[in-house]
Ligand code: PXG
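Single chain ahead, written as C-alpha coordinates, the form predicted alone.
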Amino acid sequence: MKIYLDGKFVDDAEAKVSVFDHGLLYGDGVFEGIRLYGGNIFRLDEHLERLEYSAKAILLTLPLSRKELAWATAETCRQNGLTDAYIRLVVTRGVGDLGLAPWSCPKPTVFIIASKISLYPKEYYENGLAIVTVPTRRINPAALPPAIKSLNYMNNILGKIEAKQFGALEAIMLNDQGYVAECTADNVFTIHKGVIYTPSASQGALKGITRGTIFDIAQEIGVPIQEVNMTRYDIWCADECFLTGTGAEVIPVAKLDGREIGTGKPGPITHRVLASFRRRVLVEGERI
(Lines give C-alpha, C1' and ligand atoms only; values in the text may rest on other atoms or scores of the structure.)
Protein backbone atom coordinates (compact mmCIF):
# COMPACT_ATOMS: atom_id res chain seq x y z
CA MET A 1 0.00 0.00 0.00
CA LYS A 2 1.22 3.48 -0.90
CA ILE A 3 0.63 6.36 1.53
CA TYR A 4 0.86 10.03 0.64
CA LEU A 5 3.08 11.67 3.26
CA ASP A 6 4.22 15.28 2.96
CA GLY A 7 4.55 15.30 -0.82
CA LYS A 8 5.83 11.76 -1.33
CA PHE A 9 4.27 8.35 -1.83
CA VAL A 10 5.81 5.81 0.52
CA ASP A 11 5.15 2.19 1.42
CA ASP A 12 2.85 1.81 4.41
CA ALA A 13 5.70 0.34 6.49
CA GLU A 14 7.66 3.55 5.89
CA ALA A 15 4.76 5.94 6.52
CA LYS A 16 5.78 7.35 9.90
CA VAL A 17 5.22 10.57 11.82
CA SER A 18 7.28 11.90 14.70
CA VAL A 19 6.34 11.19 18.31
CA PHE A 20 6.62 14.97 18.72
CA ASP A 21 3.83 15.61 16.21
CA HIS A 22 1.06 17.51 17.98
CA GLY A 23 -1.54 15.47 16.17
CA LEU A 24 -0.30 12.51 18.22
CA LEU A 25 0.50 14.38 21.41
CA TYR A 26 -2.68 16.45 21.65
CA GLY A 27 -5.08 15.51 18.85
CA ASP A 28 -4.23 18.87 17.30
CA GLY A 29 -5.24 18.59 13.68
CA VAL A 30 -8.15 18.02 11.31
CA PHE A 31 -9.22 15.24 8.99
CA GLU A 32 -11.74 14.08 6.43
CA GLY A 33 -13.12 10.63 5.68
CA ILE A 34 -13.92 10.40 1.97
CA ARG A 35 -15.32 7.63 -0.24
CA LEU A 36 -14.32 6.40 -3.68
CA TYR A 37 -17.08 4.65 -5.62
CA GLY A 38 -16.44 3.11 -9.03
CA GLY A 39 -13.52 5.46 -9.64
CA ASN A 40 -15.50 8.52 -8.49
CA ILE A 41 -14.44 10.40 -5.34
CA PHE A 42 -17.80 11.33 -3.85
CA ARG A 43 -18.27 15.08 -3.24
CA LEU A 44 -14.53 15.65 -2.95
CA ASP A 45 -14.84 19.43 -3.23
CA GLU A 46 -17.31 19.54 -0.31
CA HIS A 47 -14.93 17.46 1.81
CA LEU A 48 -12.00 19.72 1.02
CA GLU A 49 -14.06 22.81 1.75
CA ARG A 50 -14.99 21.40 5.17
CA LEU A 51 -11.32 20.58 5.79
CA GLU A 52 -10.44 24.19 5.03
CA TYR A 53 -13.13 25.47 7.39
CA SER A 54 -12.02 23.11 10.18
CA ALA A 55 -8.40 24.22 9.72
CA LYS A 56 -9.37 27.90 9.72
CA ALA A 57 -11.36 27.44 12.92
CA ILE A 58 -8.30 26.09 14.76
CA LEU A 59 -5.90 28.57 13.09
CA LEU A 60 -4.09 25.83 11.18
CA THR A 61 -2.69 26.94 7.82
CA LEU A 62 -3.05 24.18 5.26
CA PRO A 63 0.24 23.68 3.40
CA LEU A 64 -1.51 22.72 0.14
CA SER A 65 -4.19 24.40 -1.95
CA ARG A 66 -7.55 22.75 -2.56
CA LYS A 67 -6.43 21.81 -6.07
CA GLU A 68 -3.22 20.26 -4.73
CA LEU A 69 -5.09 18.33 -2.07
CA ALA A 70 -7.57 17.08 -4.68
CA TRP A 71 -4.72 15.84 -6.86
CA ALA A 72 -2.96 14.16 -3.92
CA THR A 73 -6.20 12.44 -2.88
CA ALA A 74 -6.90 11.14 -6.37
CA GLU A 75 -3.29 10.11 -6.94
CA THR A 76 -3.26 8.12 -3.69
CA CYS A 77 -6.14 6.06 -5.09
CA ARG A 78 -4.39 5.69 -8.43
CA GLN A 79 -1.12 4.64 -6.79
CA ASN A 80 -2.98 1.82 -5.08
CA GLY A 81 -5.02 0.76 -8.11
CA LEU A 82 -8.31 1.38 -6.29
CA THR A 83 -11.75 2.06 -7.72
CA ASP A 84 -13.69 1.60 -4.46
CA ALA A 85 -12.17 2.71 -1.18
CA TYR A 86 -12.32 4.73 2.01
CA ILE A 87 -9.90 7.66 2.03
CA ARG A 88 -8.53 9.29 5.17
CA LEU A 89 -7.02 12.75 4.64
CA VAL A 90 -5.25 14.09 7.73
CA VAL A 91 -3.50 17.39 8.45
CA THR A 92 -1.80 17.67 11.83
CA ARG A 93 -0.28 20.71 13.48
CA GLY A 94 3.11 19.10 12.87
CA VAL A 95 6.24 18.49 14.90
CA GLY A 96 6.81 20.73 17.92
CA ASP A 97 7.92 20.55 21.52
CA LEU A 98 6.12 18.99 24.48
CA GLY A 99 4.18 22.16 25.25
CA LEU A 100 0.64 22.85 24.08
CA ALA A 101 1.59 25.95 22.08
CA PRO A 102 0.83 25.40 18.38
CA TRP A 103 3.34 28.08 17.37
CA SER A 104 6.12 25.64 18.31
CA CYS A 105 5.08 23.61 15.20
CA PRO A 106 6.53 25.32 12.10
CA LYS A 107 5.22 22.88 9.47
CA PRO A 108 1.96 20.87 9.35
CA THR A 109 2.06 17.17 8.50
CA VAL A 110 -0.19 15.89 5.69
CA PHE A 111 -0.91 12.25 4.99
CA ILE A 112 -3.53 10.40 2.95
CA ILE A 113 -4.51 6.74 3.26
CA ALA A 114 -6.75 4.94 0.76
CA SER A 115 -7.96 1.50 1.74
CA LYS A 116 -11.04 -0.67 2.24
CA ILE A 117 -13.63 -0.16 4.98
CA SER A 118 -16.66 -2.15 6.07
CA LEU A 119 -18.30 -0.75 9.18
CA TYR A 120 -21.44 -2.88 9.28
CA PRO A 121 -22.23 -6.35 7.90
CA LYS A 122 -24.61 -6.50 4.93
CA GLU A 123 -27.52 -7.93 6.96
CA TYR A 124 -27.79 -4.71 8.98
CA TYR A 125 -28.43 -2.71 5.81
CA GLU A 126 -31.23 -5.15 4.99
CA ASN A 127 -32.74 -5.54 8.48
CA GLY A 128 -31.66 -2.42 10.39
CA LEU A 129 -29.47 -1.77 13.40
CA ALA A 130 -30.50 -2.08 17.03
CA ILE A 131 -28.87 0.89 18.78
CA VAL A 132 -28.86 2.36 22.28
CA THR A 133 -28.53 5.70 24.04
CA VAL A 134 -25.25 6.01 25.97
CA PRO A 135 -24.51 8.03 29.13
CA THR A 136 -21.61 10.02 27.66
CA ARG A 137 -22.90 13.38 26.44
CA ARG A 138 -21.81 15.18 23.29
CA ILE A 139 -19.36 18.03 23.90
CA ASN A 140 -21.09 21.39 24.30
CA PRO A 141 -20.74 23.49 21.09
CA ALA A 142 -19.45 26.35 23.24
CA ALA A 143 -16.52 24.13 24.28
CA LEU A 144 -15.75 22.64 20.88
CA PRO A 145 -17.87 23.56 17.83
CA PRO A 146 -19.18 20.33 16.27
CA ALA A 147 -18.44 21.67 12.77
CA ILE A 148 -14.71 21.24 13.47
CA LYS A 149 -13.72 17.73 12.40
CA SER A 150 -10.69 17.52 14.65
CA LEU A 151 -8.38 14.64 15.51
CA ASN A 152 -9.64 14.61 19.10
CA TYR A 153 -12.37 11.95 19.07
CA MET A 154 -12.23 10.80 22.69
CA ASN A 155 -15.81 11.90 23.32
CA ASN A 156 -17.03 9.72 20.45
CA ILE A 157 -14.73 6.86 21.44
CA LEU A 158 -16.19 6.77 24.96
CA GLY A 159 -19.66 6.60 23.43
CA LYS A 160 -18.55 3.76 21.13
CA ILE A 161 -17.12 1.83 24.09
CA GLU A 162 -20.37 2.20 26.00
CA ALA A 163 -22.36 1.06 22.96
CA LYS A 164 -20.26 -2.13 22.83
CA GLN A 165 -20.78 -2.68 26.56
CA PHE A 166 -24.52 -2.54 25.91
CA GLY A 167 -24.20 -4.96 22.98
CA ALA A 168 -24.80 -2.41 20.21
CA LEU A 169 -22.74 -1.38 17.19
CA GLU A 170 -23.78 2.28 17.32
CA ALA A 171 -25.31 4.64 19.85
CA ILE A 172 -27.22 7.88 20.22
CA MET A 173 -25.39 10.66 22.06
CA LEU A 174 -27.40 13.41 23.75
CA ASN A 175 -26.24 16.95 24.39
CA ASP A 176 -26.13 18.53 27.83
CA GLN A 177 -29.76 19.64 27.46
CA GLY A 178 -30.94 16.10 26.79
CA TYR A 179 -31.60 16.57 23.07
CA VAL A 180 -30.30 14.12 20.49
CA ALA A 181 -27.04 15.38 18.96
CA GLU A 182 -25.86 12.54 16.75
CA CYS A 183 -24.47 9.03 16.99
CA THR A 184 -20.86 8.23 17.86
CA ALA A 185 -19.86 8.30 14.18
CA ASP A 186 -23.06 8.98 12.25
CA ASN A 187 -25.81 11.54 11.82
CA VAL A 188 -29.34 10.46 12.70
CA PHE A 189 -32.61 10.95 10.79
CA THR A 190 -36.18 9.99 11.60
CA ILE A 191 -39.30 9.87 9.45
CA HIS A 192 -42.71 10.60 10.93
CA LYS A 193 -45.94 11.08 9.00
CA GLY A 194 -44.08 11.56 5.73
CA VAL A 195 -41.56 14.15 6.97
CA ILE A 196 -37.82 13.58 7.48
CA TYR A 197 -36.33 15.09 10.66
CA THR A 198 -32.74 15.48 11.83
CA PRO A 199 -31.05 17.32 14.73
CA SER A 200 -29.56 20.69 13.88
CA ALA A 201 -25.82 21.31 14.03
CA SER A 202 -26.42 23.69 16.94
CA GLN A 203 -27.43 20.67 19.03
CA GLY A 204 -23.99 19.10 18.56
CA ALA A 205 -24.35 17.32 15.22
CA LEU A 206 -21.49 17.33 12.74
CA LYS A 207 -22.48 18.81 9.39
CA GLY A 208 -21.80 15.54 7.61
CA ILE A 209 -21.28 15.43 3.86
CA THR A 210 -23.63 12.45 3.61
CA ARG A 211 -26.04 14.32 5.89
CA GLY A 212 -26.06 17.21 3.42
CA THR A 213 -26.70 14.78 0.58
CA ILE A 214 -29.90 13.64 2.32
CA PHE A 215 -31.29 17.20 2.04
CA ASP A 216 -30.71 17.05 -1.71
CA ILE A 217 -32.27 13.60 -1.92
CA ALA A 218 -35.33 14.71 0.06
CA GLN A 219 -35.94 17.47 -2.47
CA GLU A 220 -35.44 15.03 -5.35
CA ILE A 221 -37.97 12.49 -4.04
CA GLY A 222 -40.43 15.13 -2.84
CA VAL A 223 -40.26 14.44 0.89
CA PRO A 224 -40.19 17.42 3.32
CA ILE A 225 -37.15 17.61 5.58
CA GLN A 226 -36.61 19.68 8.74
CA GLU A 227 -33.90 20.33 11.33
CA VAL A 228 -35.43 20.10 14.80
CA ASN A 229 -34.74 19.67 18.50
CA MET A 230 -35.05 15.89 18.75
CA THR A 231 -35.51 13.74 21.85
CA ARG A 232 -35.28 9.98 22.32
CA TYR A 233 -39.08 9.94 22.43
CA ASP A 234 -39.16 11.27 18.87
CA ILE A 235 -37.03 8.33 17.72
CA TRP A 236 -38.95 5.73 19.75
CA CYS A 237 -42.22 6.91 18.18
CA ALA A 238 -40.94 7.53 14.64
CA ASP A 239 -42.18 5.56 11.65
CA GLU A 240 -38.65 5.05 10.34
CA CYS A 241 -35.08 5.88 11.30
CA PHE A 242 -31.75 5.78 9.51
CA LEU A 243 -28.16 6.88 10.10
CA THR A 244 -25.73 8.47 7.67
CA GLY A 245 -21.97 8.79 7.48
CA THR A 246 -19.10 8.50 5.05
CA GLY A 247 -18.24 5.04 6.34
CA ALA A 248 -21.76 3.88 7.19
CA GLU A 249 -23.37 5.46 4.09
CA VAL A 250 -27.15 5.17 4.73
CA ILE A 251 -28.11 2.44 7.19
CA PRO A 252 -31.59 1.77 8.65
CA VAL A 253 -32.28 1.55 12.38
CA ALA A 254 -34.84 -0.99 13.60
CA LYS A 255 -34.63 -0.44 17.37
CA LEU A 256 -33.54 2.16 19.90
CA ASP A 257 -33.19 1.24 23.57
CA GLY A 258 -35.06 -2.02 23.02
CA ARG A 259 -38.05 -0.30 21.40
CA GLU A 260 -38.98 -1.19 17.83
CA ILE A 261 -39.10 1.81 15.49
CA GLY A 262 -42.17 1.65 13.26
CA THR A 263 -42.60 -1.91 12.02
CA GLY A 264 -39.14 -2.86 13.23
CA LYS A 265 -37.93 -3.06 9.62
CA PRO A 266 -36.51 -0.54 7.12
CA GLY A 267 -39.40 1.57 5.79
CA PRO A 268 -40.38 2.76 2.31
CA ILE A 269 -38.91 6.27 2.53
CA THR A 270 -35.63 4.89 3.86
CA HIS A 271 -35.51 2.54 0.86
CA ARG A 272 -36.09 5.48 -1.53
CA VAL A 273 -33.38 7.55 0.17
CA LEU A 274 -30.92 4.66 0.01
CA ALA A 275 -31.66 3.99 -3.68
CA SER A 276 -31.10 7.65 -4.57
CA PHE A 277 -27.89 7.79 -2.55
CA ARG A 278 -26.47 4.75 -4.33
CA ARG A 279 -27.15 6.38 -7.69
CA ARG A 280 -25.55 9.66 -6.69
CA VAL A 281 -22.25 8.26 -5.40
CA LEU A 282 -21.28 7.17 -8.90
CA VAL A 283 -21.73 10.59 -10.51
CA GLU A 284 -21.27 13.33 -7.88
CA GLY A 285 -17.60 14.00 -7.38
CA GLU A 286 -14.26 13.78 -9.12
CA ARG A 287 -13.13 10.99 -11.41
CA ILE A 288 -9.68 9.61 -10.69
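Counting begins at 1, following the sequence as shown. Just so it is clear, the model here is predicted, and its values are computed rather than measured.
Another form exists, predicted together with the ligand; not displayed. Remarks below refer to it.
Between 222-230, 53-61, 255-263, 240-248, the stretch whose residues reach within 4.5 angstroms of the ligand in the predicted bound form through a non-hydrogen atom is 240-248. When you look in the predicted bound form, the only residue of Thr76, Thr190, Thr92, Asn187 with a non-hydrogen atom within 4.5 Å of the ligand is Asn187.
Exactly one listed residue, out of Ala85, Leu206, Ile113, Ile196, brings a non-hydrogen atom to within 4.5 Å of the ligand in the predicted bound form: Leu206. By the criterion of a heavy atom within 4.5 Å, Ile131 is excluded from the residues contacting the ligand in the predicted bound form. Interface residue remark: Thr136 is not counted as part of the site for the ligand in the predicted bound form, having no heavy atom within 4.5 Å. Although the partner is absent here, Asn175 lies well away from the ligand in the predicted bound form, with no heavy atom inside 4.5 Å. Within this chain, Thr210 lines the site of the ligand in the predicted bound form, having a heavy atom no more than 4.5 Å away. Residues of 129-159 placing a heavy atom within 4.5 Å of the ligand in the predicted bound form, in sequence order: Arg138, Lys149, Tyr153, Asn156.
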